[in-house]
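Take a look at this single chain, the form predicted alone, given in structure tokens.
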């Protein structure tokens, strides 16, 4: 019963999104569909001057109900219908060889490689900085403000600079994208770990002092175990940010592989289905990474006795 109660809200939200999406397809594609229908010989009710101000085409669709079904199957729609996106994803995932540049699996692996490398770099850097901030007052007053300020720089402006600078010294390919991913993922880890490392209460810290525990002993035996729930919460945010960073890193370079490259192809060649399929593939990839982290979190916390078995 509990599982059904948890699933029902999700199903309801997904169904509502699909309904709104399908309803939006009709006016968004009405003008394109009407033009194509006229070329194919279908009689279309002429638009008045007032109707031409309806840029979404809702009036046109209402006056010509026969074109409504056609809005869901237009070859190059402004807004693809759900089944068109699903068909494109199925074709490019299961209908293409995984080594083909038309395969979303191929492009997904390219983006995922940069994401995971950047995530590891960002997580490692974030944990080390958090430990330094907690144990060193100077770092707390100096590094933490700079870490916060760094996140105010738009990544779309910073990414081309990173690509150009690293490219000028001969570093290309996977690493520049990973640096961008690390830049976006390290901040949530820093904030979460600082909060977690400072979560032990005064009585627990006093007990360590009573036993003359050193700072490293306090770190390993109290602060790090207490920070694990905060760490996993930060990692979930960080992995999503790392994926966004990898995709953004592919956009200014004119990359030939990766989800970002696939989106560029769709935009440049007027193939919105390609772009939408890549967008949804990226979202599914992010959901899969979050699911893996959630599984690791449950098992880790259960092993530590922080959740019921």
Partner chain sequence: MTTEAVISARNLDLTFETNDGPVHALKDVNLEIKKGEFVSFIGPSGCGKTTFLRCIAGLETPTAGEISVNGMTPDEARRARAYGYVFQAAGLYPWRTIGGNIRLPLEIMGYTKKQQAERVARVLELVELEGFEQKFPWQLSGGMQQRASIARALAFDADVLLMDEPFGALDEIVRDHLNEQLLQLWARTEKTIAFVTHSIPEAVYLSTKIVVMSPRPGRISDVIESPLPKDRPLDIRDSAQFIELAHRVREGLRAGHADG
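Being a predicted model, the structure only gives us computed values, none of them experimental. Positions refer to the first chain, counted from 1.
Just so you know, the form predicted in complex with the partner chain exists too; it's not on screen, but the next bit is about it.
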Have a look at 169-177, 211-219, 100-108, 118-126 and name the one stretch with heavy atoms inside 4.5 Å of the partner chain in the predicted bound form. 211-219
Using the partner position in the predicted bound form, report whether residue 8 sits within 4.5 Å of the partner chain, counting heavy atoms only. no
Although the partner isn't part of this model, could you tell me whether residue 207 comes within 4.5 Å of the partner chain in the predicted bound form, counting any heavy atom of the residue? yes
4.5 Å heavy atom contact, residue 77 to the partner chain in the predicted bound form: no
Is there any non-hydrogen atom of residue 226 lying within 4.5 Å of the partner chain in the predicted bound form? yes
What I'd like checked is whether 195, 292 and 296 together line the partner chain in the predicted bound form, meaning each has a non-hydrogen atom within 4.5 Å of it. no
For the heavy atom contacts within 4.5 Å of the partner chain in the predicted bound form, list the residues of 272-306 involved, in sequence order. 303, 304, 305, 306
